[in-house]
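The chain below stands alone, shown as structure tokens; this is the form predicted on its own.
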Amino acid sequence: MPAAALVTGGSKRIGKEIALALASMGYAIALHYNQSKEDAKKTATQIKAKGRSCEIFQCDLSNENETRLLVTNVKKRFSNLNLLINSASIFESSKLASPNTIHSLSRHFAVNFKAPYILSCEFYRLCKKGSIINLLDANITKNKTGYPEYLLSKKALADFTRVAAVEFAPYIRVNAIAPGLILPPEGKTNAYLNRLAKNIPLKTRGSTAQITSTVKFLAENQYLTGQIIFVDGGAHLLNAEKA
């Protein structure tokens, strides 16, 4: 029976590319989605075209009770589950002084931190061995942002990656990837990323293939845990963000 991977937010964008790459590596795929059911179906079809098993799982990651059941439900279908990719996240602009800041904080932490926390703990409890890879953001090294609640949630997930790597060892490895300029945010274009790329050391944007190759590296290297790999053209090395 092939090993299986649960990919949250796997219906589109980077999550989709990770799911497809893992399928090419031989994994059966448990594809999580929340509202993007049609996208999830299309991605599942692409995975099955590679000759790999794939099932889609709906879950609202802002709902703690639903989130607690996700790994259990996946494990019932894929008994050889041994890889968890925490890719799903929300990304919304805000200001700390705005009247809506507490609601925004709750939303971002529920999906971007609490859900990966719950899923990781359930993965450890139910699967006993394997690997977890968290998707962060290259801006976790910075404090200047138009997305403070998002950034705080990703900073927390980075610290959790290290804490869990110690707590879950030696049975579960926990690592993370911090992407930089890979895909434009909703409402932005490639030109937006190209403009930002002029201000980073390597002067170019990245690709989803560079993310998926890093996933493959972390999944296969059995002597890595607690690592955060910045796939960002050196952007995290800069002290100040230029936009």
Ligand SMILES: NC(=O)c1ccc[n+]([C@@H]2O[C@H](COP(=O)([O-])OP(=O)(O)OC[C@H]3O[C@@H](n4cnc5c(N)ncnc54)[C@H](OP(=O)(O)O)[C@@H]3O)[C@@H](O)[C@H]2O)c1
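Remember, it's a predicted structure, so these values are computed and weren't measured experimentally. Residue numbers run from 1 along the displayed sequence.
Below, we refer to the form predicted together with the ligand, which is not included among the displayed structures.
Remark: of stretches 122-130, 81-89, 98-106, 160-168, the one touching the ligand in the predicted complex is 81-89 (heavy atom within 4.5 Å). Among residues of the shown chain, V111 is one whose heavy atoms approach the ligand to within 4.5 Å in the predicted complex.
Taking non-hydrogen atoms only, S213 never approaches the ligand to within 4.5 angstroms in the predicted complex. At a distance threshold of 4.5 angstroms between non-hydrogen atoms, D137 is in contact with the ligand in the predicted complex.
Although the partner is absent here, L181 is a contact residue: one of its heavy atoms lies within 4.5 angstroms of the ligand in the predicted complex. Residue C59 is the only one of L218, I56, I200, C59 with a heavy atom lying within 4.5 Å of the ligand in the predicted complex. Residues of 25-50 lying near the ligand in the predicted complex, listed in sequence order, are H32, Y33, N34, Q35, S36, the criterion being any heavy atom within 4.5 Å.
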